[in-house]
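Next comes just one chain, in structure tokens: the form predicted on its own.
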Amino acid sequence: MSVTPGKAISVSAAEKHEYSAEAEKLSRRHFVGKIWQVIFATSTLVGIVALATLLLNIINSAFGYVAIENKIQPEQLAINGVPIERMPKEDLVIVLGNHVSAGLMRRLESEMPWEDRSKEDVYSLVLERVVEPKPVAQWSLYESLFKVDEIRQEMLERYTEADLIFKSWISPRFITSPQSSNAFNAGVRTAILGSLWTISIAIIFAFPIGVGSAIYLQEYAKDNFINRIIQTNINNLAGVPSIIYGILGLALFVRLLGPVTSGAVFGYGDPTVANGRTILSAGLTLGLLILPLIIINAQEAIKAVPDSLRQASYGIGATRWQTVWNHVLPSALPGILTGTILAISRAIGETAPLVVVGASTFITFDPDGPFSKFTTLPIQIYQWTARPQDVFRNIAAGAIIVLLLMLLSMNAIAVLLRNRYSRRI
């Protein structure tokens, strides 16, 4: 089409048809783009609704009215008019001894001498072993807020000897108390300590090995057949079901290396009975589980560092190791920590491999080292939800909230470290 000055532009029919076809294609592309935008927004909304429903269901179970019946009323245990909550520790020990068997008193003293126990500890034992408060009925948060009259009427008809209290199943006492067969006295202190021990061992084991492997594969390894096989296997291991790692941990850390993981080699425990079902075995198993994730994410972070940074370092006479240590690794560290956050998030919620390795479903004493027996929060939640009594589902909801808060806290620490190194760079 030619344009002559001072004359109108003439457009042929073919050109008009071409322009119309292009406009139609453009309109169709915009329409398809809007459809995908709606699909993406809908999927995001569905995810948010599902997450909100999950959280509301947990919160609905973690709070609400509870009907409590005591085996012995606390006022019946008063000595000279002094209630048990105001008694000194010595009197509380006397009350406990008057209402439980001598064998139980000897067992409690063997676990921890009375002179070493605090008043609060003895008071908790009196409540648990003597008063024995037991929930006989519980209501959800929704029912406790909107069906109060119906709850009170049910109390008058069915639970005349019980006290009605509004119970928060997650509380400071719930966090600081050990496991108990009585749901009203049960806590998650032992499970929290077990989770912290296992995750710490997993990170200490997997992080340096994972980052070191990523550095070698990305910076030193040649592109040959063997290294390609190694890389393929690492990618495949990231998708292996977690229970397979549990079987590997059982064979390797519990049975083969049992004398080491049980501490018998170091003089811990009975060397003739080397049981490797300990925190150390669990932590190493979780370390194997997250190792491929850390390697893959660290490789991607190292790969994202521009080659110009490496060439500039080589240009001023730096060796390959000096380049990696002083330039590549600091630049990739934020991405490496991001991958570590994802790995921790997976490991802290694992149950299947720990069950295979030998986690205890009921344990009342705290772990005192890497060679101790253990349980974790996911194991505790699983054990409580599997019980037939409904009240254990309430404390399971409280334990889920504790697990989420612990996960968010650990992730927040990792994010702060990542942001700190990002600012330095």
Partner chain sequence: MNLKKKRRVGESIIHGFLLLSSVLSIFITVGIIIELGTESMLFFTRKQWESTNKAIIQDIEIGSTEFFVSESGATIKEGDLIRLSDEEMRVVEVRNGLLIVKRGARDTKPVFHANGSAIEKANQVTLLEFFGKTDWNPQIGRFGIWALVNATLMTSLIALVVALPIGLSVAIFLSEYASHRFRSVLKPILEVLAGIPTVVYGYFALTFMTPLLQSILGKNVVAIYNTASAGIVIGILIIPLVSSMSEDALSAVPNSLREAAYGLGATKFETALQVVVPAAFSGIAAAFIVATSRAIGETMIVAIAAGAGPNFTFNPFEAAETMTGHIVRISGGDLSYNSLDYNSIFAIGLLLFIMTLSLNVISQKIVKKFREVYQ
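What we label the rigid core is the largest C-alpha set whose atoms superpose within 1.5 Å from one form to the other. Positions refer to the first chain, counted from 1. In this text the structure is predicted, and so the values were computed from the model without any measurement.
Not pictured, yet referred to below: the form predicted in complex with its partner chain.
- Under a 4.5 angstroms non-hydrogen atom cutoff, its partner chain in the predicted complex lacks I72 among its neighbouring residues.
- Remark: W197 does not count among the residues lining its partner chain in the predicted complex, judged by a heavy atom distance of 4.5 Å or less.
- At a distance threshold of 4.5 angstroms between non-hydrogen atoms, S213 is in contact with its partner chain in the predicted complex.
- Mapping the unseen interface onto this chain, L96 falls outside it, with no heavy atom inside 4.5 Å of its partner chain in the predicted complex.
- Remark: of stretches 321 to 329, 160 to 168, 300 to 308, 112 to 120, the one touching its partner chain in the predicted complex is 321 to 329 (heavy atom within 4.5 Å).
- Contact annotation: of the candidates I336, L280, L293, L288, the single residue with a non-hydrogen atom within 4.5 angstroms of its partner chain in the predicted complex is L288.
- The single contact residue among V148, L104, V240, A312, judged by any heavy atom lying within 4.5 Å of its partner chain in the predicted complex, is V240.
- Residues I229, I230, T232, N233, I234, N235, N236, L237, G239, V240, P241, I243, I244, Y245, I247, L248, L250, A251, V254, R255 are the members of 228 to 258 with a non-hydrogen atom no more than 4.5 angstroms from its partner chain in the predicted complex.
- Relative to the superposed core, V32 undergoes a C-alpha shift of no less than 2 Å between this form and the one not shown.
- Once you line up the core between this form and the one not shown, the Cα of L45 ends up 2 Å or more from where it was.
- Once the cores line up, the CA of M410 ends up 2 angstroms or more apart between this form and the one not shown.
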